[in-house]
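Okay, here we've got a single chain as structure tokens, the form predicted on its own, with questions on binding and movement later.
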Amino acid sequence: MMDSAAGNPSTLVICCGAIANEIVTIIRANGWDHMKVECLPAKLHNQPDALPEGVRAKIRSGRARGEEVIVLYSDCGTGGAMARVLEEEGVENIGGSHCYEVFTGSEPFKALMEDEPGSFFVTDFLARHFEKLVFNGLGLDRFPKLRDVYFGKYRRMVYLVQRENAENLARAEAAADSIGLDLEVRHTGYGGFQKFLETK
């Protein structure tokens, strides 16, 4: 870890708004005062083509300020474009297809998918915001018949828990019920995000 007190550049951590709270919590808990977090809006996952260039812009802004840069984006539906941008910018890739895989680890995630390919994943963030971002966002509040269009092939909702919280669990239960899925709870903590930052 760098010591900002020694006059070294600060470190910019670029991440998705959906995990910003968790990343800030990791940084504060470890006293990594040389790190600061900037995020892109979580809603950009609905426009994954915009993510890589949005990340590139933040990388270049950070470097223009003399900061070192860490990027905590996986592929996130960009079809390899995120990895290409990170390679072009010389930034290490955290890997994984999405944050669910980083939270669980690649092998446990693979096992989850082999056990039940029809798994819909939520994190603490999505548990808190499921109604707004998913249920209402997909129009299920207005057109309930769309449930089968969006979720007909899913068999379970897997809630990946970063921090135990009774309210989040209740929201995850309500979310699963609202789209007719069984709920399975897996406690991941901060998973690969914590491990990746510990090496910086």
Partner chain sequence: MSIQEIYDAVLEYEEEDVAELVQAEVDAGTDIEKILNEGLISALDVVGEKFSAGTLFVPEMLMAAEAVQAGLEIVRPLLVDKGAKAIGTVVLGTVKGDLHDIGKNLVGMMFEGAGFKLIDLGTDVDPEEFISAAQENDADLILLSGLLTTSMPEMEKAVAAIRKANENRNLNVKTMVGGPPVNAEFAAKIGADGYSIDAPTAVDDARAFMAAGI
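Treat the numbers as computed from the prediction; the structure is a model and nothing was measured. Residue numbers count along the first chain shown, from 1.
Heads up, the form predicted together with its partner chain isn't pictured, but that's what we're talking about next.
Visitor: Would you mind picking out the stretch of 57-65, 149-157, 33-41, 166-174 that comes within 4.5 angstroms of its partner chain in the model of the complex, counting non-hydrogen atoms?
Guide: Of the options, only 149-157 has residues within 4.5 Å of the partner.
Visitor: May I ask you to state whether residue 50 is within 4.5 Å of its partner chain in the model of the complex, using heavy atom distances?
Guide: Contact with its partner chain, no.
Visitor: Does its partner chain come within 4.5 Å of any heavy atom of residue 97 in the model of the complex?
Guide: Because a heavy atom of residue 97 falls inside 4.5 Å of its partner chain in the model of the complex, the answer is yes.
Visitor: Verify the contact flag for residue 142: yes if a non-hydrogen atom of it lies within 4.5 Å of a non-hydrogen atom of its partner chain in the model of the complex, no if not.
Guide: Result yes; residue 142 sits at the interface with its partner chain in the model of the complex.
Visitor: Would you check, heavy atoms only and a 4.5 Å threshold, whether residue 79 touches its partner chain in the model of the complex?
Guide: Residue-level check for residue 79: yes, a contact with its partner chain.
Visitor: Are all three of 86, 105 and 132 close to its partner chain in the model of the complex, meaning a heavy atom of each within 4.5 Å?
Guide: Result no, not one residue of the spot touches its partner chain.
Visitor: For the stretch 165-200, I need every residue with any heavy atom inside 4.5 Å of its partner chain in the model of the complex, listed N to C.
Guide: Result: empty, none.
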